[in-house]
Each structure stands twice: as structure tokens, then as C-alpha cells.
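Shown here is one chain on its own, the form predicted on its own, set out as C-alpha cells.
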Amino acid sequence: MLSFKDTVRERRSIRDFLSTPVPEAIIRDVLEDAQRSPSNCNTQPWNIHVVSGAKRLALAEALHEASEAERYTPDFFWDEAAFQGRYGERRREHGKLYYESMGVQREDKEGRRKASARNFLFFNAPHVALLFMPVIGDNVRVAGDLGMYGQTFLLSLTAHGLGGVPQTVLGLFADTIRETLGIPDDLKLLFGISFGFPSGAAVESSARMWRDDVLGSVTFHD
């Protein structure tokens, strides 16, 4: 078992998985870890749907069709242009490193389209966890609670020798996912996490994303 420090530093976004299903007992253990996540007033507002097997195949097909038709139905507003300053720089640097690691150049629209389409195959992961939330107030605190749940889930995957990748792009197709899985409209999709055993084959999975120096984000007040 990894130490906490090693777990945090080993965790990375995996984008190619073995098709081998994760044993149910291990998935339940990961979910038990995630269930211990903190939440505002212990409300535990997460509603998680884990999709595997035949239903996962049906969902992948539905997402591919929705993407090809550009049938976007996000529950929450998303604007990439809103990331200004260093936030926007980090986003662009990430995109450049990610696509270049696959040999896809910025002007290669077809290559970028194919790379993006891998999201809807869940990068071959045998499982995807979809993080839904109820609508409460302005949703900010609830979304923060789901973020903490997602981080605990990802760290537990790493500690169990598994891999995962958070996919905010899945949130662009909330209606498609709800319709395919029979999820009520009052639950809103924030993001998904595809997970399984890492294959170790994807070049882009080995492209380590950097982090800025701590002092670029933290201010000390004495």
C-alpha cells in the first residue's frame, strides 16, 4: 500500500486501459473510501452511477452519436474563453502537451476530432463513474462537495493499483446520459471518471502534467 504522499504524487490521468473488469469487491472498496469524503454539514450530496458491461457499450454509442450531431445538453454553463491570465495559459499549455504527445498538431482538425472521440469510448476503460448532484441554491457548495468526492475516489483508485481519468466533457451530454441510464432530470451531471487497470500503452498517459510552484497559488498571512 502506498503512503499518502506517494499516492498523491503517483496519481495521474490515465487515458488507456485494459478491458479487464475490476473485481466488484475492489470497486466497492473504492466507493467506501470515497463515501468518507467531507461535505457541507455532512449532506453527502453525491449521487454516483457506475456503468459497466453492456450498458457501458450502449452509453458509448449514444455519446458518440450525440457528439457527431453536436447535440450538447450541459447542465452547467461552460465557457473556455472565460479562463483569463494564468488560468487560460495553463489550459492552453495542457492542450498543447496533450495533443503533441499523440503526434497531433494544432492544424490537424481530423486528428484532434479522433483524439477527442476517445473520450466517448471512456479510453477503453471497462467502467465509468458518473457524478450527479441535486440542485441546491447556487450549486457552488454542492459542486465543491462532489469535487472532494471525486478526488478521494481518484486517490483510492491509485492506492488500489488502478487508474482513472476525470472527464468534464461528459457533462456536455447530460441529457443523453440521463436518457440512456434512466436517471431523473432533477439530478444534474457534473463530470465522470473512467477507471480500470492502466494498460501502460498510451503515450499521452505518460506525459506528466506539471504544477506551478506553490507560491503561485498560496499567500501566507502572519
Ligand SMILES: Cc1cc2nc3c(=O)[nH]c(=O)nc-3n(C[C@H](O)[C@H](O)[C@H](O)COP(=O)(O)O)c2cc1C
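All residue numbers are counted from 1 along the displayed sequence. Bear in mind the structure is a predicted one, so any value in this text is a computation, not a measurement.
Note that the form predicted in complex with the ligand isn't included here; everything after this is about it.
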property: Segment assignment from 168 to 176, 181 to 189, 25 to 33, 49 to 57: heavy atom within 4.5 Å of the ligand in the predicted bound form; result: 168 to 176
property: Answer option from R71, R113, R86, H94, heavy atom within 4.5 Å of the ligand in the predicted bound form; result: H94
property: F123 within 4.5 Å of the ligand in the predicted bound form, heavy atoms; result: yes
property: is_contact(A201, the ligand) in the predicted bound form, heavy atom dist at most 4.5 Å; result: no
property: R12, N119 and M209 all contacting the ligand in the predicted bound form, non-hydrogen atom within 4.5 Å; result: yes
property: Residues in 40 to 61 close to the ligand in the predicted bound form, defined by a heavy atom within 4.5 Å, in order; result: none
